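In structure tokens, one chain follows: the form predicted on its own.
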Amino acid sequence: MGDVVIRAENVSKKYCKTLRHSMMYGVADIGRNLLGKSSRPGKLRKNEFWAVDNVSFEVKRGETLGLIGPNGSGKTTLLKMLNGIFWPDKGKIMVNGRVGALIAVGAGFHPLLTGRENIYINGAILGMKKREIDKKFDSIVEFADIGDFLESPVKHYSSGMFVRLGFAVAVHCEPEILLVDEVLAVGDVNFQHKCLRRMADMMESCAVIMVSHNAQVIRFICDNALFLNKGQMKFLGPAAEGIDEYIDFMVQKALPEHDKMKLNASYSPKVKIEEVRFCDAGGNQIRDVNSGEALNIDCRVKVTEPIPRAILGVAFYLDAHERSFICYSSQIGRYFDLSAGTHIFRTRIPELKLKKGVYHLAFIVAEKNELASHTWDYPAYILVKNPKPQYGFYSMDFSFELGKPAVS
């Protein structure tokens, strides 16, 4: 295999959707094998599906491959086959080197044994001799940073402690191949940085295959990316291009769902948001914008009672839990006296500095000192395309103005 330490050739793995059929097929396959007949692994039966379907790639020593894709795309299944937890139904996997794997939180740990005992057990599973574990024991404990809990049963450990201990053992077995699943997301920020630094140190002599939903980690750590969807390969190549392909896929998948949403919003009795329009610098209506370009947002609101000294605002959310940017008119000393009637408030952002994705916007019309009383979730979305490397979560210039009352 030369410098190639992992090669997968047309690998496929099927699962069954129901436990009853899975057990029936398992018994039938065992019976056929006992009679010297093939269990026909290449064919699907009722309620079966391909979790991984005809996947091929290779990884050389010193390379890092990122596995990306939506939930249920087959990433962890592929990683488990590479680790030998189970065999593919079709195709071949060739592994040349010692494998260190961190695929599931607490995998290989006995819950009733202490951290100390599990270090020896997990190390043995990964191919380490007792003498080798003895030599590296203090370093493993220091890296895991489990403190006074070394002599405690691991069933009392938090998920973060599980990950720290499991990763510490995995990297100290000096693997030639390191398999890492999304479990690193459980650790705190400092531990994640420590793990990434350790993987960076290992990359010259070790091949790394990692699963992560963190696009920035894949983009900056991995040489190549394998994008899977429903078990099938959608892209294999440079990591930056793979992340762009994945984001484009997720964006196109999300937009039709956004279009189906009804334009109704939760609002206070005083204010109702009726319409939102996105425009470019020339005033042309748009539904997507490139990073670095101007974005103008017109929000039409109906006010039933006068609101003196109102605060206007807009917030951008990349998902339900990740607010990327928020701006209030009060931040630039602007307040507006809203009379009863229909108004259009305009937000001007001369240079949009957001990374690629579909952003959900929330709009704010609030009375001064009562900011939480008039904050709405309105189904308005903007697609940001063509990110530039420097764009992420940064402050942006913005301005607000109030248009003349529109005709209702």
Partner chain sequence: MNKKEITYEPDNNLKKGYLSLLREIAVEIKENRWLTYQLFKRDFFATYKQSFFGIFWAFIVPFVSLGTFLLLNASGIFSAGNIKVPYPIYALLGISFWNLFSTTIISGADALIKTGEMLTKINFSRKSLVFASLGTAIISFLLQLIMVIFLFAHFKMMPKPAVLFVPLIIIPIIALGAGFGLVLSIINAVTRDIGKILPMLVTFLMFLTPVLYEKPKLGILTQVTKYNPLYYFISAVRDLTFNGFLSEPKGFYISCLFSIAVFLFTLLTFHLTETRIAERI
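Rigid core: the largest C-alpha set superposing within 1.5 Å between the two forms. Because the structure is a prediction, the values reported are computed rather than measured. Numbering follows the first chain given and starts at 1.
Not on display, but discussed next: the form predicted together with its partner chain.
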Handout entry: Interface stretch in the predicted bound form with its partner chain - options 116-124, 286-294, 303-311, 326-334, non-hydrogen atom within 4.5 Å
Key = 116-124
Fill in the blank from the handout: Exactly one of G237, G84, G147, G72 comes within 4.5 Å of its partner chain in the predicted bound form through a heavy atom, and that residue is G84
Fill in the blank from the handout: Checking E174, D298, E182, E245 against its partner chain in the predicted bound form, the residue with a non-hydrogen atom inside 4.5 angstroms turns out to be E174
Handout entry: 4.5 Å heavy atom contact, K46 and its partner chain in the predicted bound form
Key = no
Exercise for the section: Would you please decide whether V95 lies within 4.5 angstroms of its partner chain in the predicted bound form, comparing each non-hydrogen atom pair? Expected result: yes
Handout entry: P88: touches its partner chain in the predicted bound form, heavy atom cutoff 4.5 angstroms
Key = yes
Exercise for the section: Tell me, yes or no, whether E367 is in contact with its partner chain in the predicted bound form, where a contact means a heavy atom of each within 4.5 Å. Expected result: no
Problem - Neighbours of its partner chain in the predicted bound form among 14-35 [non-hydrogen atom within 4.5 angstroms] - result: C16, S22, M23, Y25, G26, V27, D29, I30, N33, L34
Handout entry: Rigid core superposition, K46 Cα moves 2 angstroms or more between this form and the one not shown
Key = no
Problem - Flag for T114, CA shift 2 Å or larger between this form and the one not shown after aligning core - result: yes
